[in-house]
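Starting off, we have a lone chain in the form predicted on its own, written out as structure tokens.
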């Protein structure tokens, strides 16, 4: 589903990502862990070309989704971002109603059929485990929701345009423990339909939600393996030291 081949990425002269090659299988959750500034969020943003929005950056190597290099000149970036949804660290609902937040992507993409939009809004809210909490207040402001509900609303908004990949950059770091466990439960449910890549500072969260884990350090992928193996029997001493809290 997702493969990188010898990816190097630069912010100006700064070499942020160093020669990373890896594969992520469909319908799995992959977690990226590592200390702050190690390149994991930069690497995640390569998969929907969010780094294109930053001046003076440069990419070498290939990033393939469904066997296509997404940095090829023939790729329509808007189409790519429909297929590769993104959920950010802090919930960022639009200043609109709950319904309009979820319908937004469909409308922007030219969908006008009101019945279809209503159906997709309901399906997306159900998939994000939010429907039962908001079905009677769809036309109220999204800002009336709690932080955890707002984050699930942002997930519903990403799901409405039917992506195949969902990127999550620290999706629970701004949330309380109960909301965090709801997001984690949701990730488990969503992986049957989506390929999910999550960046997290919370190693227990990585251990709970992911099938595979990549450990990043100073722009390099130090180790990448099944999550259980990574946490119980890592290959590298650096990984062991990070996971046991000796640094980071």
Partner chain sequence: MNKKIKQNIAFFVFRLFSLLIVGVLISILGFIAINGIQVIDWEFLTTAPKEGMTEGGIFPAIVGTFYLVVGSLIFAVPLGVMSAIYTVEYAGNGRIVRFIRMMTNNLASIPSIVFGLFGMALFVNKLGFGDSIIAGSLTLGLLTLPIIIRTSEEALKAVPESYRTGSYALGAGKLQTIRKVILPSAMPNILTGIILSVGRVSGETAPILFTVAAYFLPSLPDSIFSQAMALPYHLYVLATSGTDVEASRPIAYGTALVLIMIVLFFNLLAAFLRQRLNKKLKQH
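Since the model is a prediction, treat every value here as computed from it, not as a measurement. Positions refer to the first chain, counted from 1.
Note that the form predicted together with its partner chain isn't included here; everything after this is about it.
Its partner chain is not drawn, but in the predicted bound form it has no heavy atom within 4.5 Å of residue 175.
At a distance threshold of 4.5 angstroms between non-hydrogen atoms, residue 135 is out of contact with its partner chain in the predicted bound form. Interface membership of residue 164, defined by any non-hydrogen atom within 4.5 Å of its partner chain in the predicted bound form, is ruled out. Among residues of the shown chain, residue 158 is one whose heavy atoms approach its partner chain to within 4.5 Å in the predicted bound form. Remark: of stretches 50-58, 193-201, 176-184, 216-224, the one touching its partner chain in the predicted bound form is 50-58 (heavy atom within 4.5 Å).
Shown without its partner, the chain has 104, 105, 107, 108, 109 in segment 98-129 as residues with a non-hydrogen atom within 4.5 angstroms of its partner chain in the predicted bound form.
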